[in-house]
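What follows is one chain in structure tokens, specifically the form predicted on its own.
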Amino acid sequence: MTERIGFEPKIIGFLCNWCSYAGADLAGVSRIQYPPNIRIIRVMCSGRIDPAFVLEAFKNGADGVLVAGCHLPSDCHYLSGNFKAARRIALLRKVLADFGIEPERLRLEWVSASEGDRFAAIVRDIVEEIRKLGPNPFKNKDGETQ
């Protein structure tokens, strides 16, 4: 799909409190530039993200969703949260495809508290990817979900 002129994607980011949110904060205090398209929701652990939260984000007009957890799956503050998140996101991508939403609109990343530059790069990348995909297929021409 070609990029739409003037289209600015709305990305919802679910970031774990211990690493990813701290990485986003580091990007901010370090003044690392990244697109303002992301709206961050801090959660205690990526493993606590209910798939219904992601579906609700798309239902309410999000063009993309980023779920970010601790640096490595084995580095989770709550031990197994990242493993739970990885399983849920893999299944949720299949559900999205069944609903007619491109699975590429949902992304799972691991970001440590010291990786502000990595967080900014991920946001830049996901915004460009969503620009190429175009708006959420459930949005009407006024930008509202159907």
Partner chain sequence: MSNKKVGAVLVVGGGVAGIQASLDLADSGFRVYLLDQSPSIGGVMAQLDKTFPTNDCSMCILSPKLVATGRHPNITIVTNAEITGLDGEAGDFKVKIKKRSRYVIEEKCNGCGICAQKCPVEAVDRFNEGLSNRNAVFVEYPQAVPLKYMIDREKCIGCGTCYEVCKAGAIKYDQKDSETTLNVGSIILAPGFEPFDARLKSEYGYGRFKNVVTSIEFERILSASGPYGGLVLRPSDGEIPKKIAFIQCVGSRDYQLGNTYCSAACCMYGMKEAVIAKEHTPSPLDATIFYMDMRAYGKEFDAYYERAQGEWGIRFVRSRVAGVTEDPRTGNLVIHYVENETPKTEEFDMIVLSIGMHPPKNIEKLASTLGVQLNKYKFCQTNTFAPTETSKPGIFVCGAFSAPKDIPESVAQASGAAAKAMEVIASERGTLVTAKEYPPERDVSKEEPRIGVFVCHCGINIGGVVNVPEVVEYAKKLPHVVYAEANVYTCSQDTQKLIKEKIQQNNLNRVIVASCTPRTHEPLFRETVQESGLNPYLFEMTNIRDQCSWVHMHEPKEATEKAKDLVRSIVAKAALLKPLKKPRINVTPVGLVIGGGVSGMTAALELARQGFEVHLVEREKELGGHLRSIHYLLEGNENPQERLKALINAVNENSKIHVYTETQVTEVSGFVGNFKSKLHQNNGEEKEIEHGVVIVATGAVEYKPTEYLYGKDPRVMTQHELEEKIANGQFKAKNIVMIQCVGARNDERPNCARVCCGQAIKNALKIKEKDPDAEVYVLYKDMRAYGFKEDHYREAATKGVLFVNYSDERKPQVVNDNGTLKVTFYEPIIGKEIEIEPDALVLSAATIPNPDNKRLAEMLKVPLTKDGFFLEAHMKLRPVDFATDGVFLCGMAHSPKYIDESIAQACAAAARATTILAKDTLEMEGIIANVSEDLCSGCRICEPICPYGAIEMKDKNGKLVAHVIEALCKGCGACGTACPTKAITMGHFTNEEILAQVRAALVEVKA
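None of these values were measured; they are calculated from a predicted model. Numbering follows the first chain given and starts at 1.
Heads up, the form predicted in complex with the partner chain isn't pictured, but that's what we're talking about next.
Taking non-hydrogen atoms only, W110 never approaches the partner chain to within 4.5 angstroms in the model of the complex.
Contact check for D25: a non-hydrogen atom falls within 4.5 Å of the partner chain in the model of the complex. Using a 4.5 angstroms threshold between heavy atoms, I38 counts as touching the partner chain in the model of the complex. In the model of the complex, at least one heavy atom of C19 sits within 4.5 Å of the partner chain. Contacts of stretch 30-45 with the partner chain in the model of the complex, defined by any heavy atom lying within 4.5 Å, are made by R31, I32, Q33, Y34, P35, P36, I38, R39, I40, I41, R42, V43, M44, C45, listed in sequence order.
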